[in-house]
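There is one chain below, alone, in structure tokens, taken in the form predicted on its own.
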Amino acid sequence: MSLASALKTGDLTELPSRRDEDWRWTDLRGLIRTLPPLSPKFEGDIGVGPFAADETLTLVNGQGAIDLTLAAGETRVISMRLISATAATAHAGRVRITVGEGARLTLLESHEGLGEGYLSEIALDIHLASDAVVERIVLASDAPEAVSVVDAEVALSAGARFAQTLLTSGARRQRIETRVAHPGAHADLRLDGIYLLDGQRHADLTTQVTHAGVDGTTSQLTKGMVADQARGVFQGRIIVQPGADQTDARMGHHALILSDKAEVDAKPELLIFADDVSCAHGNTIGALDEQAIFYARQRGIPEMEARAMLTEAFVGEVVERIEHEPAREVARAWVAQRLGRSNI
């Protein structure tokens, strides 16, 4: 079941619903009563994306597909713009990325909502050969009334390193899912995320990492803020298969709720079927430190600014883990912009 299959068949029963355990907080079947027409080919102005790079790949309204291959030892920095440009239409797109042995890719990925009320699903297949290195920075700026699903399948080989940072402001319904096949074999994985939600926006960050072999590492840190009537969802599952000894896996999710009507649902999971492992997860949900706000106000800082400063510091740990410096600066600016217009 998926949004893409529903769009292909026209059958609404293909949509995931709250009866599906992994979708219980992001019900699409109960939300979508009719499917809009398919998105047309768009030839208008798409402006400039949030990231600067020497190369830019663009997919508008899911038309066509992106197929990217890096040769062994190659190094590239690529901006990939995935744009929903037409209001009240629906589309699905596909991206395939293959990174050769010892190659290095910095993928600056933006999901941009230029239309309103659209349905979008983007499926990504990313394969890293041995000793390949990928850093994927995703900035999801969907329209407030959009329904958007981003589904990434990542396969690592021995000695590969994959680092990911998701930044999202949510949508009417939004789900960004990443599933990683981890071989162990000294491969290294980092999965990070930030969600900053206000209004009635919804964001679901779901991950699943399956460790299948010896000597693998995973580090995961997600932080979020919800205000007004927004809803944040975090689902993180790490599976350590039999024989995947000496796995080192750490997962953390921490959220701030800044309104009585806002909501955060979190489900961190460790499923461990091996003995010699080091695995842990943590989850906290709370409010800003009122004492810290009081001290800031005593020093002449307005309350709204104080709350924004404290929230920015809270999520800043995730921003600082971005390795690509220009993308890190974009992330800092995005956080500041989001907090500047949030009702906190």
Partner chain sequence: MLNIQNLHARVEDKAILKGVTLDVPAGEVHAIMGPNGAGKSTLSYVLTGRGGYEVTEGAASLNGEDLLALEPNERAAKGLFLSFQYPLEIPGVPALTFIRTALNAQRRARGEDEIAAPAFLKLAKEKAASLKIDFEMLKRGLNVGFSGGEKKRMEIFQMAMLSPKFLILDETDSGLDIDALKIVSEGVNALRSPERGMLVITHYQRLLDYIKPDRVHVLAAGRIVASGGPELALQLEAEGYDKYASAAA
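This structure is a prediction, so every number in the text was calculated from the model and none was measured. Positions refer to the first chain, counted from 1.
Beyond what is shown, the protein has a form predicted together with its partner chain; the following relates to that form.
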| query | finding |
| --- | --- |
| Interface residue in the predicted complex among 52, 38, 31, 292, criterion: non-hydrogen atom within 4.5 angstroms of its partner chain | 292 |
| Contact residue in the predicted complex, chosen from 319, 296, 66, 70 - any heavy atom within 4.5 Å of its partner chain | 296 |
| In the predicted complex, segment of 44-52, 57-65, 304-312, 280-288 with a heavy atom within 4.5 Å of its partner chain | 304-312 |
